[in-house]
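Heads up, the chain below is alone and in the form predicted on its own; it's given as structure tokens.
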Amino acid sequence: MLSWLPEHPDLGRALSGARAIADPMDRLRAAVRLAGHDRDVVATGRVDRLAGDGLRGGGPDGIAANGLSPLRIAVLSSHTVDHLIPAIRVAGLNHRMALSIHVGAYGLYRQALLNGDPELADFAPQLVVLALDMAAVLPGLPLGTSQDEVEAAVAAAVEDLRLLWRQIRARYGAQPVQQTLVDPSPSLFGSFDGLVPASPASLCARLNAAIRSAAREDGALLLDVDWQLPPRWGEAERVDPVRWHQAKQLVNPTFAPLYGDLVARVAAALAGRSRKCLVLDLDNTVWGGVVGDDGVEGIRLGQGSAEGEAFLAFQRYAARLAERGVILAVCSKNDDAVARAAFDQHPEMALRHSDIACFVANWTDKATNLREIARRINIGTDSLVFVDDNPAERALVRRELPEVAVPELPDDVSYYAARIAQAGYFEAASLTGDDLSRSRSYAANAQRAAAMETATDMDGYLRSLEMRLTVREIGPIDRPRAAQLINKSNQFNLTTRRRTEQELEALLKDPSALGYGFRLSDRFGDNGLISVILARPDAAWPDDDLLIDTWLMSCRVLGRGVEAAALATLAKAAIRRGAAALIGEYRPSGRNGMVASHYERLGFSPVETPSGAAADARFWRLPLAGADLPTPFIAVELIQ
């Protein structure tokens, strides 16, 4: 069912062997590896049991040591979901998440949200999945109900859902995720169902359309089982009527691994763990044939053959991914000039050099080249998805770089785009203007790198960039992108505190807190929102000190003096609030070692760690009176 994952040669034996491992953390590591293979519901349950002790007892340090991000999910439902929970946890492991899951009492979702649930409040969910069936949202209407009456009933039902979404935010400070509806009823009219407003099929379609529209307006996320779960898999129906009538299991257990993956994708997107970069092989992946042997004129691409049209369709799909903000890169065993010639000379190429943020064509092994691509783009290798038609190359990369996503590909290129889409690597929790311009931003970075190579000195290079830093308080417009950065940034992130958009909004409502977003532009273009700083009073420090709770920055703008300019802006704002000093905090995460000396470099002095702070946290203090905070080479504009 999870066809993009590689098959294990003997998954049963591997699970039995892993179960014999004594140390729970070692078992968790084995479970993370095995979660990355195609598996049915039985094997998924075994992986979940294997991981259990490590997830429960490993604590934050053990979870982080396995490269996992923790997230708390509550599932409130009108149908039975217990059989789906192991699959959600295991899918979380494959998406690099340690998911804690609370299942609400069967059918009592409305009471939990409207009246409160102490157990749910203690769990403090970050994400609440509202999994409802058709009858719970809108009981069936008489078949003779007019279209106007149907539309009124649908509008009322969706308004009721919106009330529940608001309660999820207001009462629990969590992100609502609405599961779309699946109609378990058989067809009444055949193809004519869609022309009868009150038929079950028509009613379900109208409700789902209205739910999608309301979610877009209200900022709820969707678990779109209507679109994502296939109606049938082999002999299994998405909704098994026997299990529905016996146990109110809306989702057939056969579909549990896929359902779990759909939930984990949404969680990963919310936590900033979706993949960022699609890395493409060239020969027999982007075009048919070997360009070095066949020449540009001999590769199979475009009109004239079914195979050529399939390769062209795959290129167009990759280009659309780039349009929505996925970074594209090339990793090919090829002569560089020959590989580039196809992009320059073949008239049917849908992809162009301007679409590719990093182009690597040489005879070095692909694992090494993928590390180099990640280094050049300034992202982690765990942000990469590598697409290669060659099974041997896929196996090599999986062995050398297990954190890189490497989808299994079907034999026919016609299915490549669908396979990548099915895998959900690039699941999104928002779509911002910065996302839509990301590809251009990385192309501009290549131009900046070229300018740096020709500069005679660093000061001259920085001056030539003509940089402008635009700063404003984080408001409703910037909040989705700011939350996205807070959850995605790992390397230049002083504390790696994660917050949902609702948690960020709650913090910013505190009048004593400061929250700024920083946008950087230069003569090559706009880098978009590149830094977020949050500062607030903290009981561990004097009342007139502000703790820098969160400071993160895109690695794309490192080395340009943005850190000093951002600090100068924050310091001036803190002085206006009456603060006497800023407190800087660094909490090592295993991935943010590059900023371990950040505050020291900016002139802060080390201070003693207060009681109650994390054992490995370190703190610095910067008195604001008379602080000298220059901002060379950057013009700063504060928008009130």
Partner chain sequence: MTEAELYDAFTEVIRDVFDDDTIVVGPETTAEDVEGWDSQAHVMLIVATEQRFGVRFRASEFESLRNVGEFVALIATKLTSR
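Numbering follows the first chain given and starts at 1. Values in this document were obtained by computation on a predicted structure and should not be read as measured data.
Form predicted together with the partner chain: not shown, discussed below.
May I ask you to choose, among Asp240, Glu563, Asp117, Asp549, the residue with a heavy atom within 4.5 Å of the partner chain in the predicted complex? None of the other options qualify; the answer is Asp240.
Contact residue in the predicted complex, chosen from Asp344, Asp459, Asp82, Asp148 - any heavy atom within 4.5 Å of the partner chain: None of the other options qualify; the answer is Asp82.
Although the partner isn't part of this model, could you tell me whether Gln246 comes within 4.5 Å of the partner chain in the predicted complex, counting any heavy atom of the residue? Yes, Gln246 lies within 4.5 Å of the partner chain in the predicted complex.
Proximity of Arg46 to the partner chain in the predicted complex, heavy atoms at 4.5 Å: Yes, Arg46 sits close enough to the partner chain in the predicted complex that at least one of its heavy atoms falls within 4.5 Å.
Does Thr254 reach the partner chain in the predicted complex if we count a contact as any heavy atom within 4.5 Å? Heavy-atom contact with the partner chain at 4.5 Å: present for Thr254.
For Asp40, is any heavy atom within 4.5 Å of the partner chain in the predicted complex, or not? Result yes; Asp40 sits at the interface with the partner chain in the predicted complex.
Counting any heavy atom within 4.5 Å as contact, can you tell me which stretch out of 372-380, 246-254, 224-232, 297-305 lines the partner chain in the predicted complex? Comparing against the partner chain in the predicted complex, the contact stretch is 246-254.
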